[in-house]
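What follows is a single chain, given as structure tokens, in the form predicted alone.
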């Protein structure tokens, strides 16, 4: 499998109390990869390490097949970035920002830039200092995609945007991906946003990667199981991972599991045990239960 981003054993001390610990990411080429985690878990720090803005204490990084930092110029020439904080010169107009940014990229697609400027209803003469947060987000995506990158790295691109702007930004992003076959690596704490369009997901918490797998596998493998048992029931040897367990009343329990398949109900076939219900979890419920289990195990 070809990888657009790959890290192995990546470690970084952000402060005395927090750091990235032994992080190994594998982002397949052509994937829409959602990098999910709560605020402060290390998503932005990881992105800055991948882009060569920070130097790791240990581990290796490859970006579009190039080693970081030695191969950064070649890799970054093919990478579009929307950072968590806009880096635009506020005294420029929208048209001047396009000309300034385009001067750095031989692959700059002016026709695409002008098309998006019109679709996003950005006025060429308007100063960046006068743009709203939503207009800034649109302009940032315009600049990142008009250089025709093979990889888009987006750090919380939907954060704080109203539903209409989010829809416009997402539509433009998916349009570019379908046209150019680019890889997208997007970080967010907005679980429902990633569920809508990502086909891979990595969950991070407290500087560590909790899980990384295809979205469909994550969505279908997380279940809430209601069962009744006349005696103690232990998960030892189970073919799934138990994330949470709660006794409801009497002999009834609820289990939250990961890695479930339909044929696993037979594991409960024993005297005095009955499976009452196997229910799907949406991505947000699965995310919350996964973090709870990870923190309980770590704590």
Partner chain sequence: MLKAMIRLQWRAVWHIVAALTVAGLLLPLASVRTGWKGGLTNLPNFLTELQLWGLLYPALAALAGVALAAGIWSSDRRGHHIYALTLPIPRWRYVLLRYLAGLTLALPIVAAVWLGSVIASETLDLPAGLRIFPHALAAKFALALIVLFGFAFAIAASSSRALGIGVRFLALLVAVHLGVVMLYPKTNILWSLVTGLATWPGPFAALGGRWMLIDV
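Because the structure is a prediction, the values reported are computed rather than measured. Positions refer to the first chain, counted from 1.
Quick note: we don't show the form predicted together with its partner chain, though the next part is all about it.
Site annotation in the model of the complex: the residue of 259, 56, 52, 28 reaching within 4.5 Å of its partner chain with a heavy atom is 52. When its partner chain is considered in the model of the complex, only one residue from 133, 196, 167, 89 comes within 4.5 Å through any heavy atom, namely 89. Only one of 70 to 78, 205 to 213, 177 to 185, 114 to 122 places residue heavy atoms within 4.5 angstroms of its partner chain in the model of the complex, namely 70 to 78.
In the model of the complex, none of the heavy atoms of residue 221 sits within 4.5 Å of a heavy atom of its partner chain. Although the partner is absent here, residue 127 lies within 4.5 Å of its partner chain in the model of the complex, judged by heavy atoms. For residue 62, no non-hydrogen atom is located within 4.5 Å of its partner chain in the model of the complex, even though that partner is not displayed.
The shortest heavy atom separation between residue 96 and its partner chain in the model of the complex is within 4.5 Å. Residues are counted as partner-facing when one of their heavy atoms sits within 4.5 Å of its partner chain in the model of the complex; in 101 to 116 these are 101, 103, 104, 105, in sequence order.
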